[in-house]
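Each of the two blocks below gives one form of the same protein chain as structure tokens; they are labelled structure 1 and structure 2.
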Structure 1
Amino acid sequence: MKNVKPASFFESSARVRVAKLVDAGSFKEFCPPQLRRTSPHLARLNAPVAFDDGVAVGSATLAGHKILIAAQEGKFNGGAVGEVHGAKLAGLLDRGVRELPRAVLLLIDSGGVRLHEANAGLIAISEVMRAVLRCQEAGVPVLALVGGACGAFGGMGIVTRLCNEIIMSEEGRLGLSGPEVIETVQGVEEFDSRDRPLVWRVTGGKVRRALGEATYLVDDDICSFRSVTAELLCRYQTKPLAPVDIDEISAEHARLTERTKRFATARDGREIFQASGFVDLDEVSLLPVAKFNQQLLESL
């Protein structure tokens, strides 16, 4: 074994991510590009269309476990959700309720609603949210994998947080309003979207892991995403997902209330890192993922 370059999740396309994440050759796509179900709304605006409307959905096995999987293509319209795109996600989750796979995997890489068809996109995201909740009610875990250039923002940021687990890379970002939107509306003093280290400290994988929003932080290679996912699938095989009950919801409520109080004035991830036990705050961004995870674990 020498110098086998790991495949970067960040750099890969949606389809390459799927192909390298699941067992070789096991991916079977539903509503594939050959059907050419493009967005009629983009076409009317003379905007470019994609034969898959920016998302691939299908079934596969991962370490032998039967799964359903969706992958958004960030390079097409920022992975934004339109009518067709959203319906493919909702349909896949509906299939999850019927087929009861080990889990549904969502490889999220999206800025949220596609503005060219904003109303359809907003309704679609709410349908995806309800479909995620139905899957979970049926005992099927839904896992989010976030490590693409568009991150998980807007309504897709909410969808991500509905998932049972969030596996992120350091390069992944998770939030509601993107830094550009906040800067445009509130001014550059509020959020300078060109200050990349700041953007990373507010929305990036490490701060999300330190807050407990991401449940796993992994290196930016598809293999690392795969091994954590495989571990989780094994765990669900042994201990099936129990539906969320009022005590679990109340515990989450207490956690979020505590966070709001604890970080009442925080505006920079450095405050989160400090509260998480990191001493050298300038070093956090340079820490390798394994070391970061280890230090975080030790401080808990």
Structure 2
Amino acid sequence: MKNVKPASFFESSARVRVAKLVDAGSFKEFCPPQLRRTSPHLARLNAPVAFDDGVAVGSATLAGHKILIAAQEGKFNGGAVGEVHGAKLAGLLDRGVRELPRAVLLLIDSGGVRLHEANAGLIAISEVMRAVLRCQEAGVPVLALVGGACGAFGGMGIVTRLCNEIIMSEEGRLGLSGPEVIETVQGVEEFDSRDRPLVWRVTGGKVRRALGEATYLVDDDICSFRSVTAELLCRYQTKPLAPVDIDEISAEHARLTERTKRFATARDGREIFQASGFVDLDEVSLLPVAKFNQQLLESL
């Protein structure tokens, strides 16, 4: 049998990610490109538009579980959120409140708010945040999958951290301000966005997993993302999302307090890895994901 090369999550388009992640042929798109719901702000600025405004949303099944799913297209405006783009995300999440799927999946690949329509984009991000919380209040978990070239930054970085689970690849990145933004505002001495090892030591999947911000670290192939997501959907079927009580909140506060003490002096990923129990710091970036996860688990 001929070996099939794994499909890279990092290199795939939004629609390829959806097609290979969900059950074959199950994706039904809402507000598809045929409707041509483009950004009015981009059009007024004579800027290029996309007929889906850079995000595909719809329903599907994954391992037989009914889900709602959104996938941002990082190749259009860096996956940035504008009025129409944000409305599609918020509308999908509100549909989750009505239809109560097993989960809502957000395939996040975004640098944040679209500068061309900053005010509309900021409002849209706030609406998406509130919609995530409404979904969770209704008992529907929201899962973030992060492994695209644009990562999850700005407003979408905050949205990611609101999610119940964050599944990242080593190639994925997560943060508030992106490296280019920090360099522009504070200068290259503060953060050299061209220093790729530095960028991934600060924002990459391995360091986010070591900090406990990403709940899972997977290989950069869509099948790995699908496998972990399917396990989570089964888990939420067995143990549905329930309102958080005061004891759980106190336990989370205690965990975050301990994390703050543990990494109080860490300046970047190398020092975080050292505090996490890794001995050969030069080897960490070369470790296969499975071995990294094993060593991290042994150190906890």
Partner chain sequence: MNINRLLDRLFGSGVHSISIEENFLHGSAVIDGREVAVIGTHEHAAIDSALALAVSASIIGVIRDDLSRGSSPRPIIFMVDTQGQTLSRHEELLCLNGYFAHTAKCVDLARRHGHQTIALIHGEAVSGGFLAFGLMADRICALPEAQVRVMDLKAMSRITKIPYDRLVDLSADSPVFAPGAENYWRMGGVHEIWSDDSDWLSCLSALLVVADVRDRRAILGVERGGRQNAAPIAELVANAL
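Take the two forms, find the largest set of C-alpha atoms that superpose within 1.5 Å, and that set is the rigid core. Residues are numbered by position in structure 1's sequence, first residue being 1. Only a predicted model underlies this, so the values are computations on that prediction, with no experimental measurement involved.
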Would you indicate whether the form predicted alone is structure 1 or structure 2?
-> 2
With the core lined up, does the C-alpha of Asp247 move 2 Å or more between structures 1 and 2?
-> yes
